[in-house]
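What follows is one chain in structure tokens, specifically the form predicted on its own.
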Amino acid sequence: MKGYHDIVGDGGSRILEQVAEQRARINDGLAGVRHLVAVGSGKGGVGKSTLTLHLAGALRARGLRVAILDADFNGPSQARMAGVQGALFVPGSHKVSLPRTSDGIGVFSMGSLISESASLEFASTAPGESQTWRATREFALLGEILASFEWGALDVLLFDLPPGTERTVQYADFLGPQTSFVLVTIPSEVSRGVVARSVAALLARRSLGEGGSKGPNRMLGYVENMSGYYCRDCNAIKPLFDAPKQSTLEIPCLGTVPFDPELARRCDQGIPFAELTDTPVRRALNDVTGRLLETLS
């Protein structure tokens, strides 16, 4: 019986050729994208998806060409918030066209394909090992999405990442050093502690990349979401969390965004950013977007 060291190349499976072919298709599809920006956290429940959508809206309001890839396949929320639930996927000239919001943002989300009452299931030859293969299957699916859709000429493609510190690093590995990162936290010690682990993991990967084959990903900074809540009755920002005793994040702060119950309601209804009224929350989102663009350029 041959051992692994006796197998030459890929053992005749063509797996290496298939991976190279897919990577070439991905590179071709993303050739017109100026900036790849992954919005992650490590911590769940910090409003990362909402922030991603409204950053896209603020970028679009400035005249930029923007799209979102909802990479949280098991908990997709962009379809509902962007108003593209049940959208049809139409074949384009060479690849599949993206569904678009009413203000022209391209959105891919599994929420357009799978109802909220259904879960994403991957077939497995070993039912007891489904969790072992889940991440592998997710990244295989992500590769097919990147290779199969018409992303076209974009100024910014935003990736809405799933929670988990290990997922943040996995996506950094898969998307490559050309992808920049924005991390999201809320003003609590628990959240900052988890996000600090994501920062440390990305920094560790960065230092390894200096002498290895994988280059570093650029960390643009972090956004502190839910930094108080906007009281519409008194038109003031009130505290929502106790202020953290000390900053544990070693990257720049791109800004703070208060929580707005009306904004949450509009997300549930798929109302676009362009229709938001001029409030402290909208102004905060515009400020964060301005700093993001300054950092990218």
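All of these numbers come straight from a predicted model, not from anything done at the bench. When you see a residue number, it is the position in the sequence shown, counting from 1.
Separately, the form predicted together with a small molecule exists; it is not shown, and the next lines address it.
Among T101, S112, S77, T165, the residue placing a heavy atom within 4.5 Å of the small molecule in the model of the complex is S77.
Checked against the small molecule in the model of the complex, the candidates L183, M81, I105, A71 yield a single residue with a heavy atom inside 4.5 Å, and that residue is M81.
Shown alone, this chain has one stretch from 24-32, 256-264, 61-69, 231-239 that lies within 4.5 Å of the small molecule in the model of the complex by heavy atoms: 256-264. Interface residue remark: M226 is counted as part of the site for the small molecule in the model of the complex, having a heavy atom within 4.5 Å. Contact check for P252: no non-hydrogen atom falls within 4.5 Å of the small molecule in the model of the complex.
Looking at G47, you'd find a heavy atom of it within 4.5 angstroms of the small molecule in the model of the complex.
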